[in-house]
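As a starting point, one isolated chain is supplied in structure tokens, in the form predicted on its own.
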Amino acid sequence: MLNKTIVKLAIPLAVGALALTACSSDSGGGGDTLKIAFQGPLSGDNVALGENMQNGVKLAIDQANAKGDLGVKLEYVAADDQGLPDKATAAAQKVIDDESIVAVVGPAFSGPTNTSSPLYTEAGMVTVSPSATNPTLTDPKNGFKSLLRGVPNDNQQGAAMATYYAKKLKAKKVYLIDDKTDYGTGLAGVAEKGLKDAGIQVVRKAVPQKTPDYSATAKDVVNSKADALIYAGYYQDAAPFAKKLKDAGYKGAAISGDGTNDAKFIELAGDASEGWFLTCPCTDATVEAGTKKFTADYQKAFNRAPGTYSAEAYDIANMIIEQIRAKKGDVEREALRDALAKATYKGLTKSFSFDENGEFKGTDVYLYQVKGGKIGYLGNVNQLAG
């Protein structure tokens, strides 16, 4: 974790001025512009997850502009952090330095959220993440007063994995691997506790991202005689690991989280992805009745189906836009942050509201499975587990 004192010293003195006002003129004329940013991986190994969310934000902005009832024009700003903590401060500073930006959808990943949140807090800039799930991010000790989490955290997702293995698959021994990221270690820690509480034997191993060869780890899994596996990490590493597991002859169940829940996992892993379970505190926008129109609009705009967290990012952008509309385009950063923290918004995917620490008020986690080269939606994990 980047030392907060160092981070604060890195912020230009101009930030105080930037945080004061980003508003339209008294007349609220159509020539004024406000901007909403998205911070996430828009290049690098996990770009597909970032593009899913970016497109959801863009669609919400385009539709709001077409409606024309805000009194201002909205613009989208991309802040690429590559999903890496050491790139996050520069991405956040770029956003903060633009006086026209009033809110951020994101950061997308937990590590960059942890690194950039002190800067956003100092600037009074609200950030609403559709997907940063490490449970510790909303700990009051962090002082991340500008962070709102728009998704159930990994206390729910990790517990859901454990529940499904314990109650539905009746697993006896689980091999649990994390990728040493903030996201992976947090998710694995919760899953481990849930598995042990259910009386399941756990073998825990940490294997860092971008490991060049997963052969040894795959052999360890097979030799352990575990009947189930959890991989807590992202698709870029889950895919080569899945290939090595298949080569090693692993026959047990395998499950990974929202970091792997993307079509890129199948593209990179090929038939080694078949049968894998994937969890996500997100629904499938292409299946749920409430998101059918969104799916059609998204397909028309981007010539592709929405992916993981596309609809959630769209909802969060619209939640921000609703507050801009209520203020008739006269928006000040800190006031917008405070309004969103107290707001309740009924989106397409769920109802959004936050507790006093910025934590999302909701617990639902959903299960998917790769079948026939596609990710299939199975439903609510707890309901499936019985």
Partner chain sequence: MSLQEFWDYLVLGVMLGSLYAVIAIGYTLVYGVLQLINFAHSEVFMLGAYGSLIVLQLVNPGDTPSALASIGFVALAMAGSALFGGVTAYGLEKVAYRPLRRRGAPRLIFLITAIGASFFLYNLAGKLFGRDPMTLPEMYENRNVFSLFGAGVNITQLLQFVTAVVMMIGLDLLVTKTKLGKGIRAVAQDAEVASLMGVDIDRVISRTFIIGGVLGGVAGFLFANLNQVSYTMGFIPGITAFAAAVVGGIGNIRGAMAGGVLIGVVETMTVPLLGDEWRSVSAMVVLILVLMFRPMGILGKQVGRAA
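Computed from a prediction, not measured in an experiment: that's the story for all the values here. Numbering follows the first chain given and starts at 1.
From this point on, the text means the form predicted in complex with the partner chain, which you will not see here.
**Q** Does every residue of S353, T363 and L384 put a non-hydrogen atom within 4.5 angstroms of the partner chain in the predicted complex?
**A** Looking in the predicted complex, the three residues S353, T363 and L384 all stay beyond 4.5 Å of the partner chain (heavy atoms).
**Q** Counting only non-hydrogen atoms, choose the one of 259-267, 141-149, 277-285, 115-123 that falls within 4.5 Å of the partner chain in the predicted complex.
**A** Looking at the other structure, the answer is 259-267.
**Q** Within a 4.5 Å heavy atom cut-off, is A90 in contact with the partner chain in the predicted complex?
**A** Contact check for A90: no, nothing within 4.5 Å of the partner chain in the predicted complex.
**Q** Test of understanding: in the predicted complex, would P208 fall inside 4.5 Å of the partner chain by heavy atoms?
**A** Residue-level check for P208: yes, a contact with the partner chain.
**Q** Does the partner chain get within 4.5 angstroms of any non-hydrogen atom of D220 in the predicted complex?
**A** Heavy-atom contact with the partner chain at 4.5 Å: present for D220.
**Q** Does G71 make contact with the partner chain in the predicted complex, using a 4.5 Å heavy atom cut-off?
**A** No, no contact at 4.5 Å.
**Q** Which listed residue (A239, I200, A159, A228) meets the criterion of a heavy atom within 4.5 Å of the partner chain in the predicted complex?
**A** For this set of options, the contacting one is A239.
**Q** Go through L348, A335, V47, A343 and name the one with a heavy atom inside 4.5 Å of the partner chain in the predicted complex.
**A** Filtering the options by heavy-atom distance leaves V47.
**Q** Which residues in 360-386 have a heavy atom within 4.5 Å of the partner chain in the predicted complex?
**A** Read in sequence order, no residue approaches the partner chain (within 4.5 Å, in the predicted complex).
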